[in-house]
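One chain comes next, on its own, written out as structure tokens in the form predicted alone.
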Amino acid sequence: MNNYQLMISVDDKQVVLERILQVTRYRGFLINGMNAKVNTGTKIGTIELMVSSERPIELLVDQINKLIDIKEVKVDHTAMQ
């Protein structure tokens, strides 16, 4: 099983986290951890999502990028084991 850490920048909207979690589950990734925070000044949220799967991470990144209110998705290659 491969472990991945995603850094996701989002607009501060109520449903964006639910959409990300739904896409993650649909694409067959297990969520191992999550940290989310909002910069109230800029209204931009940052979600750190730790996932694992046998599937390529690009499958998940491409789908998250298609969601509305997503600004950027990065895979933190330094955190992968």
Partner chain sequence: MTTTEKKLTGASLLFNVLEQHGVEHVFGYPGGAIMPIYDALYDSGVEHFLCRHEQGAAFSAVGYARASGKVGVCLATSGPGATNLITGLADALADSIPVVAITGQVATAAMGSDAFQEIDIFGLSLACTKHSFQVTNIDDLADVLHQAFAIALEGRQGPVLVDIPKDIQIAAVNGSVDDLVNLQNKVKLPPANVGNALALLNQAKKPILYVGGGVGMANAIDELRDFAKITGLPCVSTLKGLGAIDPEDKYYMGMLGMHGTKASNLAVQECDLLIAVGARFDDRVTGKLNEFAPNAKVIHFDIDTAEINKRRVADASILGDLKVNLPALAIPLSIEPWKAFCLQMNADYAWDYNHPGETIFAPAVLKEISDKMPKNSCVTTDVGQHQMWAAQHMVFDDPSNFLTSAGMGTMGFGIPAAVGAQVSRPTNCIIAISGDGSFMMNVQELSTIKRFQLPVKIVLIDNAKLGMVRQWQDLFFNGRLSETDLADNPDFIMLANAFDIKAQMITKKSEVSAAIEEMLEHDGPYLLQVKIDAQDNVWPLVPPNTANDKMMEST
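Numbering follows the first chain given and starts at 1. Just so we're clear, the structure is a prediction, and the values are computed from it rather than from any experiment.
The form predicted together with the partner chain is left out here; the points below concern that form.
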### Message
On the criterion of a non-hydrogen atom at 4.5 angstroms or closer, are Asn39, Thr46 and Glu48 all touching the partner chain in the model of the complex?
### Response
no
### Message
I'd like to check something about Glu72: if you look in the model of the complex, is any of its heavy atoms closer than or equal to 4.5 Å to a heavy atom of the partner chain?
### Response
no
### Message
Asp12 versus the partner chain, in the model of the complex: is there a non-hydrogen atom within 4.5 Å?
### Response
no
### Message
At 4.5 Å, heavy atom to heavy atom, what parts of 43 to 67 sit next to the partner chain in the model of the complex? List them in sequence order, or say none.
### Response
Leu59, Asp62, Gln63, Lys66
